[in-house]
Ligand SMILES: Cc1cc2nc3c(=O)[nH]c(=O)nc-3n(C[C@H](O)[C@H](O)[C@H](O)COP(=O)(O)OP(=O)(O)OC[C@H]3O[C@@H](n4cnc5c(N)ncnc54)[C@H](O)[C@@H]3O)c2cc1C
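One chain comes next, on its own, written as structure tokens: the form predicted alone.
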């Protein structure tokens, strides 16, 4: 039997598990989800309806072949929903669970073998005869394939945060757990101005209606905003994409994009950025290590703001807080966070280089996705790195892997049967954390594993026939 273990209970794990349920019948599929609601993960576990998807409803889905359209599902909950709407993330979390539930029912009817474990995977060991042993609590699972879908790592505190600040309870590393701060703060300082920070500030503004809100990031810029309605595609996108693929680095790519914008003044720049989506991974893979490092240092902030935009309603709410005087934004570097309560936050302003100190009753770190596996406190990933089953990406963007997600070991050799999906592959694919990319990756991986098992199965069946009939 060629059993498979899918490790991770978030959206990527749900997509991989559901795709495997639909086509893999060579063994048991083990889904190790941890102690969270299966399928929701961090992204879709929120119950705050101010936390909106940053993809239109028409672009959201879990599987390549949907059992039900997301718009139909959402309309049952919210009333009439249009494909152009940006809906609450919790609604998509409900949809994931419903879609996985439908796949589970179909798998039962088809006689497929699967199990779901509400535990964490603690260890993965390579078996001497091939395959892997996966430990969950006191149980060991023998499997042929392992799919790592662990999602984003828990945030590590910034190096400038003191031990006393961390111990005070006034420094919050989990921006989704504001509800555990019972006492209303006078001032909340949020580190970050990306999508995570936007959601954090919107929640804080309602939870503490009289609190002063401050957001700090190096550039002090919010994500750009999606257009209210879909934009017309750039008519020369394919030509532009081919020329971008022929570039020798980030600077020449930027020049070509600027030239395209100058030559088509009537085209919204967002159309061009969106049209690059199918080739983003290829562009990243064309860059050398040095070029990738330069991109991360100099251009990442503007790419992230342009590529991962916020919903119009979120933008409107943030700007309203600013107009009311409740929210201030500073472009500054955090030099130190110290004290107990209130905390003392020392900043260096970007424009003037002047150093100042702010008091804050609560500081929330909302700096977004962390993929630095070499420094994180994730038991399973630490064990994989220690045993040479995984190798940290040199730029701390997950782990080293082939484009299809197959992990490389400490010698650079692709490992049979050990794969990753989602944020762990950012060093190889760069754009791999949104549902459209996850959906495609999960489908391709499931097809690959199912086809590999079907190639081996005729031999296995013939062996069983020979053992049953010695004269065969």
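Predicted model, so just to flag it, every value in this text is computed and none were measured. Numbering follows the first chain given and starts at 1.
Another form exists, predicted in complex with the named molecule; not displayed. Remarks below refer to it.
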| item | value |
| --- | --- |
| Exercise: residue 44 in contact with the named molecule in the predicted bound form, heavy atom 4.5 Å | yes |
| Contact flag, residue 7 vs the named molecule in the predicted bound form, heavy atom cut 4.5 Å | yes |
| Residue 176 within 4.5 Å of the named molecule in the predicted bound form, heavy atoms | yes |
| Distance check, residue 318 to the named molecule in the predicted bound form, heavy atom within 4.5 Å | no |
| Among 320 to 328, 376 to 384, 344 to 352, 267 to 275, the region lying within 4.5 Å of the named molecule in the predicted bound form by heavy atom distance | 376 to 384 |
| Contact residue in the predicted bound form, chosen from 418, 429, 445, 32 - any heavy atom within 4.5 Å of the named molecule | 32 |
| Residue among 89, 145, 103, 73 with a heavy atom within 4.5 Å of the named molecule in the predicted bound form | 89 |
| Sequence-ordered residues of 114 to 132 touching the named molecule in the predicted bound form, heavy atom within 4.5 Å | 119, 120, 121 |
